[in-house]
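What follows is a single chain, given as structure tokens, in the form predicted alone.
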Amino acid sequence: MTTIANESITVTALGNGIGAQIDGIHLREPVPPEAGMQIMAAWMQHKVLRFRGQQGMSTQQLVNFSKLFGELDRAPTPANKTGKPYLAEFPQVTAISNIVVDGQPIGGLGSYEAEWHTDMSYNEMTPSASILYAIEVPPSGGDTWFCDMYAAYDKLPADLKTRIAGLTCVHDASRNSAGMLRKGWKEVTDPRETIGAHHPLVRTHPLTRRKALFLGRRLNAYIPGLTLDDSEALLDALWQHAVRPEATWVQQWKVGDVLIWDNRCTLHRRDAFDASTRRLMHRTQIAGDRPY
């Protein structure tokens, strides 16, 4: 574990080249410019940042902090029966929760496991970052895992790097990260018929200029130009290589945690948890660009 201290904040590395904790700052207050630059530098280095002890932060304060990282996207349309936003007064914020009030869920994704994915990679313009704030957490479960996609690309065998250079992948838009079919979409039974954005398998980060694998999510993914069998075999090999346990770091949530991760160079997943317990998170996401 490496700790770097300066006059305003402390950065402590947490995992296998991915994840760092930032101490010495209260996100309920405006972030001073110098601290903001230090946070950005730490983010580019560690890909995932954690801020602990931020209890009591309002939704507006979460929005204000999120703007440090760029323009906010609107919250995605919920995959529920109504399609109505969970936080209508804050169109940039979505709720992630299993809590039900008067028969209606107050957030998305329930208590299920969320498989490895990159947020909203099925869009042509993909978000650069996601920020998640823990308001209520269950006593166990619901942990979030992260994987370093720079390292995944750097450690690919040379022949596999050559094979995937210039290839694209179709990212399925029909299901969310918990595997739920989105409202208004039909079931995909043949990955060659997947509807979604086409992105390069290897993308270049616009700020660091480093190359990273960009896999999105596995379900219904397809590599155009290959037979279905060849596409499935190649994607299986890339996924198996990318999510090796030694390349991951796990966030065990506490109330008041704020996490930001870089969607351009990480994957993440969530463990399931006991549905009889309560979990409530508020999430923002930062607008990005078209992967290249």
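The first residue of the shown sequence is 1; numbering continues from there. No experiment lies behind these values; they were computed from the predicted model shown.
The same protein also has a form predicted in complex with succinic acid (SIN), omitted here; what follows describes it.
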{"item": "4.5 angstroms heavy atom contact with succinic acid (SIN) in the predicted bound form for residue 93", "value": "no"}
{"item": "Proximity of residue 69 to succinic acid (SIN) in the predicted bound form, heavy atoms at 4.5 Å", "value": "no"}
{"item": "Close approach of residue 253 to succinic acid (SIN) in the predicted bound form, 4.5 Å, heavy atom", "value": "yes"}
{"item": "Residue contact check: residue 123 to succinic acid (SIN) in the predicted bound form, 4.5 Å heavy atom", "value": "no"}
{"item": "Option touching succinic acid (SIN), based on a heavy atom within 4.5 Å in the predicted bound form, out of 134, 147, 109, 212", "value": "109"}
{"item": "65, 261, 51, 249 - the one with a heavy atom within 4.5 Å of succinic acid (SIN) in the predicted bound form", "value": "261"}
{"item": "Candidate stretches 111-119, 193-201, 69-77, 166-174 - the one whose heavy atoms come within 4.5 Å of succinic acid (SIN) in the predicted bound form", "value": "111-119"}
{"item": "Contacts with succinic acid (SIN) in the predicted bound form - residues in 259-292 whose heavy atoms fall within 4.5 Å", "value": "261, 268, 270, 279, 283"}
